[in-house]
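Here's a solo chain for you in structure tokens, the form predicted on its own.
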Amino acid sequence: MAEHVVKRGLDIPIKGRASGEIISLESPASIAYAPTEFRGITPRLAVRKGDEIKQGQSLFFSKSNPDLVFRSPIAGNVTEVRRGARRVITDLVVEATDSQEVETLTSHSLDGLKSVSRADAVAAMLASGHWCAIRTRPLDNIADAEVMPQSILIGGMETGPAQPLATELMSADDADALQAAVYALKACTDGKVFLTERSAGGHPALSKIDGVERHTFSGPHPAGDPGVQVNLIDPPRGVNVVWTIRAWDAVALGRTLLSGAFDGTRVYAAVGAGVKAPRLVKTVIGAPLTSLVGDTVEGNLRWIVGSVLTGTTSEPGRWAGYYARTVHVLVDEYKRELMSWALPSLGQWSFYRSFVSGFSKATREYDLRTGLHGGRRAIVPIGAYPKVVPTPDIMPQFLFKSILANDLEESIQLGMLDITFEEAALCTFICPSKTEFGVILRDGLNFYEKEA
């Protein structure tokens, strides 16, 4: 077992992490998919408004690969197909009914999956409704089933701010489901399948898995990011790609393969200072945000689906996504203090030594809010960005300037295809210029895909 110690990065001590027992919620009155969440997929509807559907029935599929389907976690009626600019489908809403009908898929045994062919494994995973959980490095697109990956990495840890841990997202009983997914994924590559976990106290389900090469990680965020782990274990060579999938998403895939029924259950964490009682809840994919969060504090709030670093701003009337396992509610109010730059600011936290807290390691959580504490300005060359970027040989300041200049060749040489969105987001968090590096990186990757 190889051990990796990540020294560069940053654990953000933000208030509002969820803990305690997982609360099982009643089946929601409605669920929704947002096809725009699945980058690179042009959706084609498999249902129409007013259709009655079974649990696990296909709602839409990929235009470029009709076998790549997205399934409903509940039985019900299709009540809305919302569209945005240029008729892009933004929401597909299903209201629950009392129907108990379930779409039946092909079930597999562990022994059968252990010797499955690549074609059969790909077909089964595409039909499962969970193929979209498999992403690529570089570019972070949904994996192309026709491309043989250099290797596959299954990430079994999470280090993001207020994100639920692997021990909260999986149980020891999930070992068989995870093993089924490992066998299916292993059939898709001639390379290795890597399984990563936390150095201190790995998950019991991960210790029982065969057919993988194990790696442990320790250190600050983004040590748990699969993209960073790929860069440190087996970075893509030449035109090759590496597939990544989170272990808890692999469990959902494995359950579907073994049972022959779409597994749409999800554990979400409702976190943040805007939530009265941060909690872990068990429900289904695409449940309403309000049902996950429960009671909120009074005042202006900002709802974020996903991490505060890389999540998406949302509204309380919308639904949770497929990829995110967190709904973070921030208090969107902040007061400006006269001469605050000259005060010790004992109750505040900063990455820099502009506050007293900057001279010591954070020992408690802070109510970090959305204020910029200043205005936007040109990039300030203070050399801080490399301190939060663990991917080797990345000079963030020069990289992002080359992307802004549309210098594609230099951007690639400086690591545009290597740096992850978590690393870019950490650069934004510590940036005195308030620069949105994640947006810059996405624009650069879009330009690369257009020109490639």
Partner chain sequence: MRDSIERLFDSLRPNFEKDGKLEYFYPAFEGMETALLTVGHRTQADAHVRDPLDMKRMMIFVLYALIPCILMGWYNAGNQAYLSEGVQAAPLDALIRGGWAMLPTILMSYTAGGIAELIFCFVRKHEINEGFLVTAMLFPLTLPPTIPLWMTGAGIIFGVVIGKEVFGGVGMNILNPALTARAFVFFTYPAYISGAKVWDAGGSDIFATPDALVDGYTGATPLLAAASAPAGSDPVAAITAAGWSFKDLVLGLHPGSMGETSTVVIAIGAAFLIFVGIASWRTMVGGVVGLLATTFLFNMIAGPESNPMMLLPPHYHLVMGSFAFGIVFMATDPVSSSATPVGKIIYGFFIGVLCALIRVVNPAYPEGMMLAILFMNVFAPLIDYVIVKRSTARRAKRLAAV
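Numbering follows the first chain given and starts at 1. Everything quoted here is computed from the prediction, not taken from an experiment.
FYI, the form predicted in complex with its partner chain isn't displayed, but the following is about it.
Tell me, which of 179, 163, 231, 256 has a heavy atom within 4.5 angstroms of its partner chain in the predicted complex?
-> If I apply the 4.5 Å criterion carefully, the residue I get is 231.
Among 141, 348, 218, 296, which has at least one heavy atom within 4.5 Å of its partner chain in the predicted complex?
-> None of the other options qualify; the answer is 348.
Answer range among 209-217, 67-75, 376-384, 318-326 for contact with its partner chain, defined in the predicted complex as heavy atoms within 4.5 Å | That would be stretch 376-384.
Residue contact check: residue 18 to its partner chain in the predicted complex, 4.5 Å heavy atom = Residue 18: no, not in contact with its partner chain in the predicted complex.
Is residue 265 one of the residues lying within 4.5 Å of its partner chain in the predicted complex, judged by heavy atom distances?
-> No, residue 265 sits far enough from its partner chain in the predicted complex that none of its heavy atoms falls within 4.5 Å.
Report yes if any heavy atom of residue 84 sits within 4.5 Å of a heavy atom of its partner chain in the predicted complex; otherwise report no.
-> Residue 84: no contact with its partner chain in the predicted complex.
Does residue 200 make contact with its partner chain in the predicted complex, using a 4.5 Å heavy atom cut-off?
-> Taking the distances in the predicted complex, the answer for residue 200 is no, it never comes within 4.5 Å of its partner chain.
Taking only heavy atoms into account, state which residues of 403-422 are within 4.5 Å of its partner chain in the predicted complex, ordered by sequence.
-> Counting only heavy atoms within 4.5 Å of its partner chain in the predicted complex, the contacting residues of 403-422 are 412, 413, 414, 415, 418.
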